[in-house]
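Here we start with a single chain on its own, the form predicted alone, put down as structure tokens.
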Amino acid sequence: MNWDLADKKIILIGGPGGVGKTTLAAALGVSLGLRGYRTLVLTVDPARRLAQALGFKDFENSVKKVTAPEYPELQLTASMLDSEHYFDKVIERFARSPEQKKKILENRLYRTMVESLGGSHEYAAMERLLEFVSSDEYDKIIVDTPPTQNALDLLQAPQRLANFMDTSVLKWFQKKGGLVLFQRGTQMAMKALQSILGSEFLDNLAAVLGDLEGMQAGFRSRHLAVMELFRNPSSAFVLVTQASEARFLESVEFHKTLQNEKIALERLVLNRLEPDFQSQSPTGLEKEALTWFSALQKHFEELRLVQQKWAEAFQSAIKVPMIRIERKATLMSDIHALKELGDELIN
């Protein structure tokens, strides 16, 4: 079944880690870039081999043109997400004054919070996407989303961060000029925290949380913008996974989450399926080698049958077009290999 992407501008490649999302995102980018579309691939953490296949020693945070001598018509650029950098840009956008921005960005504890705060990476990915969409420089934007076990991590990261800033726990810490000490129990808790973390840490925590106050509305507005973008018919959400019981259960929940958020799932991609190993009949093997090969052949055939069973379960439970991609015997080592894989996705 051909996949018509003419009316799609944003293609989000989602799913758990380790299923080949980044490679498929790059392959789709190459295929679309060779079809005349000005294409951008925003990736999260590409393997060195993939970077080399695209002609880079390393991916860069800024947008970089992908060039291939054998395909001079290729219109493809790529960018690697720098979540820390883009979270700083969020602070710059939502700060109510230059003084507030300066105080937050210069606080050492803020940097630690960005690195460890749940949702910050997903939020940065969506912030970068909104920036690219508003630029109108690209016909197709492919987003290799951060690996996640829960679709809500990606879809609701901005809302979660806004809720985090609204919690009573944070307000317990926030007060101009120092920490809140209302009751005897609070005082005892603060003394215990001071003995463990030190008073300087708590002072810095109170300062950075106090400086973040008032920015919740900005995070919520970006959440609404992201959800509106995902629900737009010009966006396509693609779930990449593998044919196994664990991935099946994850994918069913993922699909339910998308449905609850009124986001359509465009395609389900089952990646790295085992090929029909039984069709391969080597000649000239000695008896011992032939016995070994037959046992290996039996193992892979059993694995293929199990995958086939789960593929049928996927098709029955998730009523969207399915793309089946067999495991490749060779690495994605150049643009040509990526093009063939991308064409397999579309055709």
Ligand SMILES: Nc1ncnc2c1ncn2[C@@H]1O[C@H](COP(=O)(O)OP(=O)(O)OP(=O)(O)O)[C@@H](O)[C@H]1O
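Just count from 1 along the sequence shown to find any residue number. Computed from a prediction, not measured in an experiment: that's the story for all the values here.
There is another form of this protein, the form predicted in complex with the named molecule, and it is not shown here; the text below is about that form.
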Since only the chain is shown here, I'm wondering whether I10 would be in contact with the named molecule in the model of the complex (any heavy atom pair within 4.5 Å). no
How about H336 - does it come within 4.5 Å of the named molecule in the model of the complex, if we only consider non-hydrogen atoms? no
Using 4.5 Å between non-hydrogen atoms, is R220 touching the named molecule in the model of the complex? no
Exercise: K89 in contact with the named molecule in the model of the complex, heavy atom 4.5 Å: no
Given that the partner is absent here, state which listed stretch (123-131, 71-79, 99-107, 266-274) has heavy atoms within 4.5 Å of the named molecule in the model of the complex. 266-274
For 8-35: residues with a non-hydrogen atom within 4.5 angstroms of the named molecule in the model of the complex? P16, G17, G18, V19, G20, K21, T22, T23
